[in-house]
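This document opens with one chain alone, in structure tokens, the form predicted on its own.
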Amino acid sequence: MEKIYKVNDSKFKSIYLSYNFTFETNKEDIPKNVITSLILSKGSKKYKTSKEIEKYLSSLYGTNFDINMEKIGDLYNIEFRLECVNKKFLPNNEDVFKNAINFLSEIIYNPKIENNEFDKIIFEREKSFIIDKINKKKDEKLRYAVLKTEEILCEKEPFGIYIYGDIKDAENVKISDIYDAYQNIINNSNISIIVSGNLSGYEDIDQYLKEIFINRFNNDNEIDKTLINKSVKRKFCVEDVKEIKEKIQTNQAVITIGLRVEDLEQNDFYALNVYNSILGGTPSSKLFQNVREKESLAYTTKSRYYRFKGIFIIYAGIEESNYERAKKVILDQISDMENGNISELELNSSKQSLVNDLLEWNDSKISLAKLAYTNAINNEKITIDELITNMKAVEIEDVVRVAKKVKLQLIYMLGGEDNEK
């Protein structure tokens, strides 16, 4: 697997860099990894405080820097992100980008560590921040219902773990854990760098990156399988379906439906995206038109396809009293998909919506970088034009074929306390 990916487009004025650590993890280690990443972003031996970091980035013509955590199927990814202007648009061609790369190397590989221990004050602050984030995950009920569905649907699988981990595990993190977590991240991850934007004058940037991050590219800890193959493949039966109701104080209830794709194959990708678009991905979708518009059962409803896990989650904000009716109408739409009750209008409008989204990717350095990262972990070299061509080629019979693989696994409702008072 390559380490550096470049996406060059002259229409941009700036350059976006994404430095990724992708690795397998477990429930107990997630809060340690998150806290470690936050600590790294707050200071180094050279830039000792957040204020010093802000001051330096400001001197680089307002270079942006942040970190992002995400689940990629059953893998975890920590992303350090930079965005700065190309030197050709600056006075005297000042090389802000290479200075920003040096800054990133300092942040990641020269942290404030004394005697194998990070700064205690920063540790306590970032630990408290993560505990607070975990405690507040119930505040947004619709989002919490989706998170809970992921957790139940993918129980005992890494993907089912909350992005910041479990509250008890976070509370148990000790400062001595952070050094070990740091060493594990930098030494046992798959490292990939994506550079996206206007690379005019930086044709040799990959060589410069290798020089700055010397020895980091000798890491042989590759992701041994593509994520699509890490998805669980097994036969499902009716007895697998769970129906769970969770009482929580809320004015509106939420119903979610969790589904898995049986015998998922990599070439199912395009048909599954069209399936999702027809089912609940757009305002013209079956869910929106029938659950919300026709039956007036939901104030919002949508479906989401998780490519790297091979699952779908449908959600709808409803009144608790409408639960049974909403459930039936949603399940009817899923049955219609499997039975081929799909019109040419639904197919074409859904494909056009997907094409429009892909065309918008061309105007985003971040979207182009994400595509490059997805290509990296899937060992592909798919362009946006190829994605569009393949989406347009999907026919109703392709959608029905994958629809027959989509198996109901979970029906979940969140809410109800207010209505019982």
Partner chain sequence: MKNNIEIINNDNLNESIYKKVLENGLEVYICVKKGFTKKIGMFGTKYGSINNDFVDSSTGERINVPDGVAHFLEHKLFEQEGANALDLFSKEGISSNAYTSFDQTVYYFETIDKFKIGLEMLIKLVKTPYFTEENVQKEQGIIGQEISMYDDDPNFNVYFNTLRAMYIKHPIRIDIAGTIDSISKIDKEILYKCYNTFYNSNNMFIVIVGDVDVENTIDIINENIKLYENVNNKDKVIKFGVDEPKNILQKRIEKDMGLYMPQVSIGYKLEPAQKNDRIKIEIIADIVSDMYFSKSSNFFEIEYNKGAANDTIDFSYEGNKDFAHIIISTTSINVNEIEKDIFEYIEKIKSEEIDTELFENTKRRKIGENMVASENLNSSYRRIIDSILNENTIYYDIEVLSNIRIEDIKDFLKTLELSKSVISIVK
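Numbering follows the first chain given and starts at 1. Bear in mind the structure is a predicted one, so any value in this text is a computation, not a measurement.
A second form of this protein, the form predicted in complex with the partner chain, is not displayed here; the remarks below concern that form.
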Judged by heavy atoms and a 4.5 Å cut-off, are 55, 126 and 251 together in contact with the partner chain in the model of the complex?
yes
Only one of 333, 190, 282, 77 has a non-hydrogen atom within 4.5 angstroms of the partner chain in the model of the complex; which is it?
282
None of 246, 106, 319, 166 but one has a heavy atom within 4.5 Å of the partner chain in the model of the complex; the exception is 319
Report yes if any heavy atom of residue 174 sits within 4.5 Å of a heavy atom of the partner chain in the model of the complex; otherwise report no.
no
Even though the partner isn't displayed, in the model of the complex is residue 83 close enough to the partner chain, meaning a heavy atom within 4.5 Å?
yes
Does residue 292 reach the partner chain in the model of the complex, with heavy atoms at most 4.5 Å apart?
yes
For residue 255, is any heavy atom within 4.5 Å of the partner chain in the model of the complex, or not?
no
Based on heavy atom distances of 4.5 Å or less, which listed stretch (106-114, 305-313, 68-76, 85-93) is in contact with the partner chain in the model of the complex?
85-93
Judged by heavy atom distances of 4.5 Å or less, which residues of 42-66 approach the partner chain in the model of the complex?
42, 49, 50, 51, 54, 55, 57, 58, 59, 61, 62, 63, 64
